[in-house]
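One chain comes next, on its own, written out as structure tokens in the form predicted alone.
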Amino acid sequence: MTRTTRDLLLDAAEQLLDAGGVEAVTLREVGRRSGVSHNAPYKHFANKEALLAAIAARELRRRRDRLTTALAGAEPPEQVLRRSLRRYAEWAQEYPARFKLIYGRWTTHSDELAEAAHAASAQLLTAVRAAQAGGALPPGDPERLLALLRALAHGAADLELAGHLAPDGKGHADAPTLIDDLLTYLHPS
């Protein structure tokens, strides 16, 4: 697959974000690292916020695509959902700046980000409905149940990032373990 200039710019921006947070991402540095002129990024992104929204949208699409592939496999939906939520918490630890970017407060609107967020959420909702249909999650409003699962996964990941949750310390668990606990409480075997 041919990489576009936009892809190269996003790759460079992700590297900067991962290394130094949002403050480290500048359009000029993204252009320099991509090997294009310092003005080239402006042909693809109106400003830094648009670039950051594109990074967040790309990451959400990646997460959605992984879940889509997993749901199409032979693994039971409740295991796919469990693995996806655990992987989300692990991803937050690996890429804390991306985690904070995606789930932080946005002051500008991006159609690309809104569409990616909706698609990722819809795929998670599909996984919850499938797990409910299989009896692995309780009946009821699947969107509300997804909100509960997402709140636990997100909150636990955030607590672990801040040092307020650790298997050998506070909470006596990490985020993936708390996700397992909640899913077990919702459907004891």
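Just so it is clear, the model here is predicted, and its values are computed rather than measured. Note that residue numbering follows the sequence shown and begins at 1.
The same protein has a further form, the form predicted in complex with the DNA, not shown here; the description that follows concerns it.
Student: Only one of these stretches, 65 to 73, 128 to 136, 156 to 164, 37 to 45, has heavy atoms within 4.5 Å of the DNA in the model of the complex; which one is it?
Tutor: Only one stretch qualifies here: 37 to 45.
Student: In the model of the complex, does Arg28 come within 4.5 Å of the DNA, counting heavy atoms only?
Tutor: Arg28 belongs to the contact set for the DNA.
Student: Would Arg61 sit within 4.5 Å of the DNA in the model of the complex, counting heavy atoms only?
Tutor: Output for Arg61 is no: heavy atoms all beyond 4.5 Å of the DNA.
Student: Is there any non-hydrogen atom of Arg150 lying within 4.5 Å of the DNA in the model of the complex?
Tutor: Although the DNA is absent here, Arg150 would stay clear of it in the model of the complex, with no heavy atoms inside 4.5 Å.
Student: So in the model of the complex, does Arg32 come within 4.5 Å of the DNA, heavy atom to heavy atom?
Tutor: Flag for Arg32 set to yes.
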